[in-house]
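One chain is shown next in structure tokens, namely the form predicted alone.
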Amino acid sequence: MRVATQSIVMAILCAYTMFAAGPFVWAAMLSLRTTSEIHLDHFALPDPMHWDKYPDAWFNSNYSIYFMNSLQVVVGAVILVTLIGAMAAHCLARYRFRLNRIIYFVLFSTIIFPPQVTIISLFQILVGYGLYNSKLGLMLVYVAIQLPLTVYILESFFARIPADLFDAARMDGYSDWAIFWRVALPVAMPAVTTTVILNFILLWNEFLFAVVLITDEANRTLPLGIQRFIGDTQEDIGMIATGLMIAIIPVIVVYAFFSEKLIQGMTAGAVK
């Protein structure tokens, strides 16, 4: 009975893996084929493999500019939201003050609302402060929209850190600032790594705020570049697939190298 159950579970997992990975594998094969080859047989293997399509898309379609814009905006936003979110989560978890739970409830409640309801107000704020159509403005918006989720994930983890660690640090003469950097943050690093990976993946693929708040060609992020690329090459299916793979590869690399950290952070129990 146990062997049969394991076989069923493995079959379900294999079927789900094929379902999830199938579109990615197909897009990867299309990215190495020309449009004429694709029209002859949509599901044939790339033979020969046209690796030259990648530098062609990179240099001749402004992909290098879009990629660097996304890298600057997303990395900057992830660093800021991680630092601010970790400090806020530590404060809400370890210190008791009058508005503690109210602040936490307000932050948590913002996760429920769809992002579309904030676009008009964010647009007006960025225009008023001269940050509209700038990478800095988009970065700050990304920090704002990801901060509640970051605090929500980290607060519960910081709350489980034993109070004895903080008492021992105070006996050693550590200040509150030193306790956060030298005690709380290192212990909470699995959860912090989880938020870094999640925020990077979500923001790297973010399109809604970018398409509203960025119109300058020089400041377009990669999702906007893909939209522009598709509009310019609607009939060139092979090059569209190549462009999509350029956007997908960084996410795959991040997940491949940090998936173990992501799982550890998501499944972390009480800190010992």
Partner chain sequence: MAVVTLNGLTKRYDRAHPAAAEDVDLEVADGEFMVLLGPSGCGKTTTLRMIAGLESITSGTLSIDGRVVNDVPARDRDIAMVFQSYALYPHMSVRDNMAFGLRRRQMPRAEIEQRVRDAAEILGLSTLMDRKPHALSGGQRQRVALGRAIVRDPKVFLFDEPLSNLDAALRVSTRSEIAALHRRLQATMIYVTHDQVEAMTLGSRICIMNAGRIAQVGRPMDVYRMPADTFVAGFLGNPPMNLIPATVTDAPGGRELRFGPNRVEVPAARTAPLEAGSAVTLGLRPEHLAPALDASDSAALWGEVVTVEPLGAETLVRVHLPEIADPVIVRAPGESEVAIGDRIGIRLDPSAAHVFHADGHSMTAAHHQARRG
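Numbering follows the first chain given and starts at 1. Predicted model, so just to flag it, every value in this text is computed and none were measured.
Note that the form predicted together with its partner chain isn't included here; everything after this is about it.
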> Of the options V187, L80, V196, A93, which one has a non-hydrogen atom that comes within 4.5 Å of its partner chain in the model of the complex?
Replying inline: V187
>> Using a 4.5 Å heavy atom cut-off, which residue among I119, A88, L149, A169 comes into contact with its partner chain in the model of the complex?
In response: A169
> Any chance Y174 has a heavy atom within 4.5 Å of its partner chain in the model of the complex?
Replying inline: yes
> Can L165 be called a contact residue for its partner chain in the model of the complex at 4.5 Å between heavy atoms?
Replying inline: yes
>> I'd like to know whether R101 contacts its partner chain in the model of the complex, with contact meaning heavy atoms within 4.5 angstroms.
In response: no
> If you check in the model of the complex, is R182 within 4.5 Å of its partner chain, heavy atoms only?
Replying inline: yes
> So which stretch, 174 to 182, 129 to 137, 109 to 117, 152 to 160, is the one near its partner chain in the model of the complex (non-hydrogen atoms, 4.5 Å)?
Replying inline: 174 to 182
